[in-house]
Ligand SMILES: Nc1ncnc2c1ncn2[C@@H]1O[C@H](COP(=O)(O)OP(=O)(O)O)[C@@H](O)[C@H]1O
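Take a look at this single chain in structure tokens; it is the form predicted alone.
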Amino acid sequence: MPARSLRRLLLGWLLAPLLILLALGTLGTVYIARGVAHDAYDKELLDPMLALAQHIVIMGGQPTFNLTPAARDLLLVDAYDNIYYQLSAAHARPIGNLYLPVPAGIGDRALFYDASFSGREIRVAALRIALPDNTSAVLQVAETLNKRDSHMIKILLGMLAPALAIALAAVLLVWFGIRRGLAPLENLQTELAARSHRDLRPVPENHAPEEVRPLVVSLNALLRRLNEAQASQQRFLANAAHQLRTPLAGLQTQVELALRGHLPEHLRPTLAHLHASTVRTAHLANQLLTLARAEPGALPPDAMQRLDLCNLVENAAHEWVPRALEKKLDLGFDMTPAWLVGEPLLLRELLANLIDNALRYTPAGGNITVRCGDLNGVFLEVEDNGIGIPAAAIAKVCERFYRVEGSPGDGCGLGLAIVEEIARIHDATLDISAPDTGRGTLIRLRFPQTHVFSST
């Protein structure tokens, strides 16, 4: 079922009755205008009728008019309509240019009615006239409806033009009112859409209208429960990782000491396998602990500091160069000063995960380059010419515990997930692509201007 728009629903409920009222008003206006036009011109139609009635005489026992044709035409002339007349008496042939039956019930007061003559609609006035011979005749005068229709159209335009203007103004006011009325909902939607999926801060309730406030209160209650669940999960993750680190470090030390001592040869492969598993598990515990620290809300308010990213990368070089030499990899650095505001420990973890990934997935003899600087904004890049990431997997490599199928090594699938979380905390954009050479991986982070400061 398609989603319904609240704006369209309100417009429908408000504008539909307005348009219906406008249509009913138009019909009423047509009725009134027609009645006004008939009343006005019916009175005018009486003038030629009364003038003709004054010239009725009895000649040869039959009623007739003692008017010359010119005088009669002068009485019946009209600039817009054709005028017709007919004088009818009992036992006499009707006189005039109108051939209509005489309606019943005609008295000494004029009767007005509509009729059709020669294929045209006409308006007829009928009046019973007393004759000198104590008999009576019926005089009918009719005219076409040209000036009546023209006058009715003018009345309609005069009445409908303001009505349409008012209706248009009402539509605009309704639209503006609905837009203003729905503004709090749109503001709420905009605020929620701009948030990260990790941002579970309550929505401000003070400025919410009375009708929207229960929704905001319920939403905040849901966010609070989600935040508590996330915090509980985060504490569990951090506590578990922290509790595992100490025994794992002790186990790793004991296994390393055992491997350095004199052992029967059949036990050495088992201990070597145990040592590798311990190192891998310790690495996983450290990664989980780092991930817990990178979760929203885990940082204290004063964690962000002003620092030079170049110095942070330079300090990391001393840790990673020996490992690169051990794997016969060329680890190079291209650095210029790059000042920003960030959390030093998390940025070191971010860099460590990027370099660790590059070392893991670059074969011996390969090249790894770490770059940082300030070029239209602070950036950090790690580029290698290793096995690369398939284009289809780039969208998934930042998911937790995701590993590209067929990847060598013993990674745990958390490195880039940690990088993404730390980047999100610093509002940095993370881009993963292939280098210009087409081989390997290029990971680039750009920090927004709000996190960038000059060194002076």
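Numbering starts at 1 and runs along the sequence shown. As the structure is a prediction and not an experimental result, all values here were calculated from the model.
A second form of this protein, the form predicted together with the ligand, is not displayed here; the remarks below concern that form.
- For the three residues Tyr361, Ser407 and Leu414, a heavy atom within 4.5 Å of the ligand turns up in the predicted bound form in every case.
- When the ligand is considered in the predicted bound form, Tyr402 lines it closely, a heavy atom lying within 4.5 Å.
- None of the heavy atoms of Ile56 is located within 4.5 Å of the ligand in the predicted bound form.
- Proximity of Val397 to the ligand in the predicted bound form: non-hydrogen atoms within 4.5 Å are present.
- Although the partner is absent here, Met49 is not a contact residue: none of its heavy atoms lies within 4.5 angstroms of the ligand in the predicted bound form.
- With the ligand left out of view, the stretch that reaches within 4.5 Å of it through heavy atoms in the predicted bound form is, among 83-91, 352-360, 320-328, 111-119, 352-360.
- Exactly one listed residue, out of Leu45, Ile387, Ala33, Leu430, brings a non-hydrogen atom to within 4.5 Å of the ligand in the predicted bound form: Ile387.
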